[in-house]
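Only one chain is given next, in structure tokens, and it is the form predicted alone.
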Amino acid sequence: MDSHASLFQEGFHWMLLARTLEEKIAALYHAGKIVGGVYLGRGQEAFSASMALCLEKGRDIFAPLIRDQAGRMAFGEPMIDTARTYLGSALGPMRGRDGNIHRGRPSKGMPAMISHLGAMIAVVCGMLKARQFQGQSGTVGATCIGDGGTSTGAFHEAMNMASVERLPLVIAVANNQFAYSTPTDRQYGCRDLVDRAAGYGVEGYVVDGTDLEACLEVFTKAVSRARAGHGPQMVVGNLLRLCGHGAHDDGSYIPDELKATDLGRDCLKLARQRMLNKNWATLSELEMMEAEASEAVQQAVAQAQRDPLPDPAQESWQPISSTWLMETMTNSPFHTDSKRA
């Protein structure tokens, strides 16, 4: 199997694992086993996984959002982190705190998600500038946002900064046609969402977000150009959220006519069929992958359900990233202490 086929197969693997895991998470939510919101990336897996696969683990920065389960795992997040966070385990990355979606591991290049839309772009910009101050180069920072989030002030401010500073930033805009229930024709007046990139002096791309192969091609180019010094890159993936805004929402406001268009295609089914058509996998191999994904999810959830819950009497309430933060500050050229003064 050549490298192109191998990358596609890896993308499909993470898409399948994310879909299987999120279906289990949704079932647990409806059974009353999960407290808080559940937001699924159904229909967005190809776009999310592609971006993460084009980044370099241990070198780059990836700041995913709530629908980026596929990208999170493709970038190296263990499945058990997801299960433990949703189920409130004291052994999870956030130790059973900060809701059930604000997980991250900054020391691994994945900052914890901030719910306020647009906020993660500025966070990644700050992380990139910090590395520049430390004399590090070659790092690409990537983050995701939805079409609705591009209308926020935080998005504008961060995009403007990234452009002025020529930061190696890649922004994936999942244009899923709705900001919660507000359609795109009530969100922006430009012809196409990618037109906003030109206003910031940013290179922009449009891709069919349901097509894994196309997404891998575009993100490979965008990440490469960002790393080569061409400044921020914005990739708009056109797709449709194949569920409501959250597990609590039935998505009844999405017209059936829109679901019947190419936007409403299921990226996982398309990728599966392409693997068969191109002889990159046999039917039995795909069925084995699906069975293995199901088993891995069951094991992760079962482990998280056996974990201890947080004990307020024993909790230090120290931020989980405090060690990473202190190390970063100590290594900063702007840091001074009694020994260095």
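Residue numbers run from 1 along the displayed sequence. Here the structure is a predicted model, which means the values were calculated and not measured.
Here the subject shifts to the form predicted in complex with a further copy of the same chain, a form of this protein not shown in this document.
Residues placing heavy atoms within 4.5 Å of a further copy of the same chain in the predicted complex fall in a single listed stretch, namely 187-195, out of 203-211, 259-267, 222-230, 187-195.
Proximity of G199 to a further copy of the same chain in the predicted complex falls within the 4.5 Å heavy atom cutoff. Using a 4.5 Å cutoff between non-hydrogen atoms, F75 does not count as a contact of a further copy of the same chain in the predicted complex.
Put simply, T150 is close to a further copy of the same chain in the predicted complex: some heavy atom of it is within 4.5 Å. The closest non-hydrogen atom of E217 lies beyond 4.5 Å of a further copy of the same chain in the predicted complex. Using a 4.5 Å cut-off on any heavy atom, the residues of 146-173 that reach a further copy of the same chain in the predicted complex are, in sequence order, T150, S151, T152, G153, F155, H156, E157, N160, S163, V164, E165.
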